[in-house]
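Here we start with a single chain on its own, the form predicted on its own, put down as structure tokens.
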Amino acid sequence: MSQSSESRRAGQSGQPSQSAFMGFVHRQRRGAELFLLILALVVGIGAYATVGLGLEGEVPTNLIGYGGWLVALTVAAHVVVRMVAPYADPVLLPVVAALNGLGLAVIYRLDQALDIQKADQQLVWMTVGVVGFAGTLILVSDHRMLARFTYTSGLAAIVLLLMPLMPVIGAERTLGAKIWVDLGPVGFQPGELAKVLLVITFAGYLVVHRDALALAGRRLLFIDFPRGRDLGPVLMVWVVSLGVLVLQRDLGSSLLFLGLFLIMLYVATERPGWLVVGGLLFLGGSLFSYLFFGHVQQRVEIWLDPFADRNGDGFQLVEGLYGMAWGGMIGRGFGEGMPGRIPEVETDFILAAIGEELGLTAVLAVLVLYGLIVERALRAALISRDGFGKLMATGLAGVFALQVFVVIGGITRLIPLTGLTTPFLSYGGSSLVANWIIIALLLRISDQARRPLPSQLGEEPEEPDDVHTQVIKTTTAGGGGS
């Protein structure tokens, strides 16, 4: 039996992970988290002060109030983690605090360039996000309880995806994408919350059905392809992704949903054949969309030759490329560039603004921070003691990895523009709140994975007749046994 098969069986049966057998016990490391949070606050508040020095030669007049509120939010998040998830990963929260603080400073800089007031609004959305973060950690005391809502989460995700298409409440704001819902004075993108629910749905479905999906089908060119009867889930997700692309004109979310399911399906079954099938479906859907839908053709034509319509459709991408090229390695400095020339710079192209004023060095540093989030999420998946937690942490890591890839790929002309926002950096309440909830779920999974077993803490194991112990009868080949 292979090691991966043993790990999969251990995850299904809820047995301790390999690290538990080796006697390794994780420490809480809350002191390390607090130290890293102080460094993250230095980044956020320091960048905010630097914007004022670069533009007006003095620190912003509201620096004390702004910095005090940022410190209060960060300390509150740390206290909640310390109280309800003491064994959670100590790196995730500081990384997120650094990204969120840098994003606030860059949005404040763009406020001065565009004569808008969005930095204060973003700070309000960060407050809502931290409240959602704390509420998720408190309410979800064990991530395995979410497995009971597998199909409910899927139904809720579909309803959220359909909401922008409904009359009266549906709204179209950016580049023709119908992804907004207006409920009175409040507007939000329901797709941001839908991606969290889809991760729960996919994880709950795959942990139950992965043995059936992993059965060998037909072997062709050294690759085991799935059986035709097992293609239903992939086809369903493919149709939903095409629906998002066609009806909502949202290329980014379409790529995100299909890619997320394929990643989780491959991790659950360990079969490359699913990636081949998914890749063929993706290519077929892309070709169909390009041939029959004008907005997809427009995105592809801008990607292939943005200078063909330099002052028209290609203006945003060309200005972004010029800005990053002008920034060079270390950038022009806050206040010395012209990021206001880029349309939608505070949402879709905020990384181009960072590249122009802080340089390629800062962009690479931001990518390292995103890489740390993905790496810590995958680490939580590896040491998680249950299959649902492994798949859920992998899916949440996939959300971050895919979203950052399509955003960076779009503004650097590696792939067509998608319209997704940069997590924790871009202006936008829906994305910010959803991403804070994702981090809370990752911390909950890592807390459960790193928490010592009762035997490692010197506690007595539960008695067999404990009310929480479930006795399962088994049968032997001879028909007896229990």
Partner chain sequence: MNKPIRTVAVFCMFLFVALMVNASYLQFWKAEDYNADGADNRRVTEEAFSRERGQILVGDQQPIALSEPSNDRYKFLRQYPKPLVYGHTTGFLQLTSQTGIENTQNEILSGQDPRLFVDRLVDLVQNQDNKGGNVTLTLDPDAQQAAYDALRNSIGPEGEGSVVAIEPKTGRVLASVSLPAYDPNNLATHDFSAAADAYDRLDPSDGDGDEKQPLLNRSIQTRLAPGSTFKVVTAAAAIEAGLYNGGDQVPSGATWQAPGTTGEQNLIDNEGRTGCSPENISFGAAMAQSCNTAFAKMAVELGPEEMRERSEAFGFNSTQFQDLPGQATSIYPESVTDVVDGEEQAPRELNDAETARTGFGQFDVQATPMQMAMVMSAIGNQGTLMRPQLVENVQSADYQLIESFEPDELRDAISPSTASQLTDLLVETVDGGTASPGGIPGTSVAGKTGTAQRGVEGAAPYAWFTSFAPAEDAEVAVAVMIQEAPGREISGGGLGGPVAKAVMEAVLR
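Since we're looking at a predicted model, the values are computed, not measured. Residue numbers count along the first chain shown, from 1.
Not on display, but discussed next: the form predicted together with its partner chain.
Contact check for Val404: a heavy atom falls within 4.5 Å of its partner chain in the model of the complex. Although the partner is absent here, Trp180 sits far enough away that none of its heavy atoms falls within 4.5 Å of its partner chain in the model of the complex. Contact check for Asp250: no non-hydrogen atom falls within 4.5 Å of its partner chain in the model of the complex. Under a 4.5 angstroms non-hydrogen atom cutoff, its partner chain in the model of the complex has Gly409 among its neighbouring residues.
From the list 116-124, 151-159, 306-314, 287-295, the contact stretch for its partner chain in the model of the complex under a 4.5 Å heavy atom rule is 306-314.
Interface residue among Val75, Leu235, Val368, Ile138, judged by heavy atoms within 4.5 Å of its partner chain in the model of the complex: Val368. Out of the listed residues Leu110, Ile263, Val96, Ala85, Ile263 is the one that sits within 4.5 Å of its partner chain in the model of the complex by at least one heavy atom. Taking a 4.5 Å heavy atom cutoff to its partner chain in the model of the complex, the contacting residues in 369-395 are Tyr370, Gly371, Val374, Leu378, Ala381, Leu382, Gly387, Lys390, Leu391, Thr394.
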